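Below you will find one chain, with nothing else, as structure tokens; this is the form predicted alone, and questions on how it binds or moves follow later.
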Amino acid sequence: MNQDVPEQLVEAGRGYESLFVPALFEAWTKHLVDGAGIREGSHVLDVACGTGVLARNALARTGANGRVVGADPAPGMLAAAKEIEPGIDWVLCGAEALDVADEAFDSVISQFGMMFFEDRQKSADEMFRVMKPRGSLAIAVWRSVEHNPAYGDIISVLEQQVGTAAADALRLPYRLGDADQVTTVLESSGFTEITAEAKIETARFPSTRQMVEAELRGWLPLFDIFLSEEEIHGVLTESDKTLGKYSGPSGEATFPTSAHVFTARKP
């Protein structure tokens, strides 16, 4: 796969895996693997899999007799994922048009992807389509910024130092904080036995500065927001003050994160 993907995209995927996965996403995988009831021999689809941390944890549960497929529209993410775990089938596609067969999976899982789906209803319909009858669903969606205060602090600094567009780009992952919004989508697709549980995990970044700089140089450009070095310096200087409360003696930044974990079944 890497031969067909521009190296800068592969490097971006590797960077995402090395920083964000251990700092932010790894801790959440157990909630989804457990919530979906994945077991030995299960056939599992991970939607919006990124570099595959959730898919890898599912594979550890399914064993040699199971099958895990990871689907994502970003070729750089999938290239990095395949480097780490070639034993998973990595499929390049969006959630709105999953390139897999009908009723092929015992479980469908998705970690922090639904907020970014272009058409959430169509994506839920697709997850329903590819699931076997009585199959299980488990997805994680960030709660609102009020429940994720460290990112609320960064958003405030961006608003003050750069402007609303940059702040809104960082608000985007938290726009589905109302559990009823997601429940309504799942019900409309035909899912039943829907539950939503608020959970908290601890994020651990090497430092607050590294955390913020990753957002400035990695996240904002995805929305065509390119800050000057002077602007970046200003944001980092101010965020050092604002986020200092999350730093320990070693400089490591630790803070709580909160998400809803949804589970459901296909009748």
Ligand SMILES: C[S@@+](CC[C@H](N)C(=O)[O-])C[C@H]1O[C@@H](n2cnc3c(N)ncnc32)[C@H](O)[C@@H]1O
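Just count from 1 along the sequence shown to find any residue number. Keep in mind that this is a model prediction, so the values were computed, not measured.
The same protein also has a form predicted in complex with the named molecule, omitted here; what follows describes it.
Enquirer: May I ask you to choose, among A48, V69, A36, L216, the residue with a heavy atom within 4.5 Å of the named molecule in the predicted bound form?
Expert: Contact with the named molecule in the predicted bound form is made by A48 alone.
Enquirer: Using heavy atoms only and a 4.5 Å cut-off, determine which of E159, D153, D106, E96 is in contact with the named molecule in the predicted bound form.
Expert: Of E159, D153, D106, E96, the residue with a heavy atom within 4.5 Å of the named molecule in the predicted bound form is E96.
Enquirer: Looking at 181-189, 88-96, 143-151, 163-171, which lies within 4.5 angstroms of the named molecule in the predicted bound form, counting heavy atoms?
Expert: One stretch meets the cut-off, namely 88-96.
Enquirer: Answer yes if any heavy atom of G113 is within 4.5 Å of a heavy atom of the named molecule in the predicted bound form; otherwise answer no.
Expert: Yes.
Enquirer: Mark F128 yes when one of its heavy atoms lies within 4.5 Å of a heavy atom of the named molecule in the predicted bound form, and no otherwise.
Expert: Heavy-atom contact with the named molecule at 4.5 Å: absent for F128.
Enquirer: Look up in the predicted bound form whether E193 has a non-hydrogen atom within 4.5 angstroms of the named molecule, and give yes or no.
Expert: No, E193 sits far enough from the named molecule in the predicted bound form that none of its heavy atoms falls within 4.5 Å.
Enquirer: How about V53: is it within 4.5 Å of the named molecule in the predicted bound form, going by heavy atoms?
Expert: Within the cut-off, so yes.
Enquirer: With the named molecule taken in the predicted bound form, which residues across 9-38 come within 4.5 angstroms through any non-hydrogen atom?
Expert: Heavy-atom contacts within 4.5 Å come from Y16, V21, F25.
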